[in-house]
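Next up is one chain by itself, shown in structure tokens, the form predicted alone.
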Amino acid sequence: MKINATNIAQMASASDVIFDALREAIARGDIGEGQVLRQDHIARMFNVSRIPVREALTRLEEQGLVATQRYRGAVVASLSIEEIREVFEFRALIEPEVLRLSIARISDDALAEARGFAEAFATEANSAKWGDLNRQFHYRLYEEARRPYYLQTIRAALDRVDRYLRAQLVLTSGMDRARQEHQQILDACIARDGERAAELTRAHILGACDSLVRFLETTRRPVGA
């Protein structure tokens, strides 16, 4: 099991550290869907008792990243195509509105930082970094909406589909489209055109959904079908 583990026996927030490490490993695809998450094994990795591990797994289950199965225990959850569509539809509703609110007060510094993330995303050769750079670009544009609950909800939605979206960027032509659309969104934000930026963001999310669903329908098709 590939997880960035550390000795946290003396830390008060052990469950938080384990939660973050497992969530990131799931998002990156380092722990595949259906893989069993054994409490005793994880506890040994982090040098803790099973209590903070159990707490972390409970939080992951609440976010839909882990499911409890009879006789197997906690496993990495998989999403159906219908569930993936629903998450993207939700994102397409909330993220454009958050961006519209943010543009009303966005600073030049925030735009400069977002531009930096967009450029890094467009030029990064290491595909393992694309998912994080994509998030950082969008988050930086959203942050000045000053809606922490909205941002927390967006993050939870992204966590549920991140491993699929990362695979789609790597294994399809999604990167080329994402680069172009990021630049269009950024240009609208620089012009302080909230309506256009929101429309572009909505189209960007739904376009990524369509691409991802087509990819999954192909890769999930049974052999010989």
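In this text the structure is predicted, and so the values were computed from the model without any measurement. Don't overthink the numbering: it's just position in the shown sequence, from 1.
The protein also exists as the form predicted together with a further copy of the same chain; that form is not presented, and the subsequent description refers to it.
Asks: Heavy atoms within 4.5 Å of a further copy of the same chain in the model of the complex: which of the stretches 182-190, 55-63, 27-35, 168-176 has them?
Replies: Of the options given, it is 55-63.
Asks: Is Ile94 one of the residues lying within 4.5 Å of a further copy of the same chain in the model of the complex, judged by heavy atom distances?
Replies: So Ile94 counts as contacting a further copy of the same chain.
Asks: Taking any heavy atom pair closer than or equal to 4.5 Å as contact, tell me whether Ser107 reaches a further copy of the same chain in the model of the complex.
Replies: Ser107: no, not in contact with a further copy of the same chain in the model of the complex.
Asks: Given that a further copy of the same chain is not shown alongside this chain, does Ala157 nevertheless sit within 4.5 Å of it in the model of the complex, heavy atom to heavy atom?
Replies: Yes - in the model of the complex, heavy atoms of Ala157 and a further copy of the same chain come within 4.5 Å of each other.
Asks: Should Ser127 be counted as a contact of a further copy of the same chain in the model of the complex, where contact means heavy atoms within 4.5 Å?
Replies: Judged by the heavy-atom cut-off of 4.5 Å, Ser127 is well away from a further copy of the same chain in the model of the complex.
Asks: Name the residue from Leu133, Ala77, Leu111, Val87 that puts a heavy atom within 4.5 Å of a further copy of the same chain in the model of the complex.
Replies: Result of the distance check: Val87.
Asks: Which residues from 121-157 come close to a further copy of the same chain in the model of the complex, meaning a heavy atom within 4.5 Å?
Replies: Sequence-ordered list: Arg147, Pro148, Tyr149, Tyr150, Gln152, Thr153, Ala156, Ala157.
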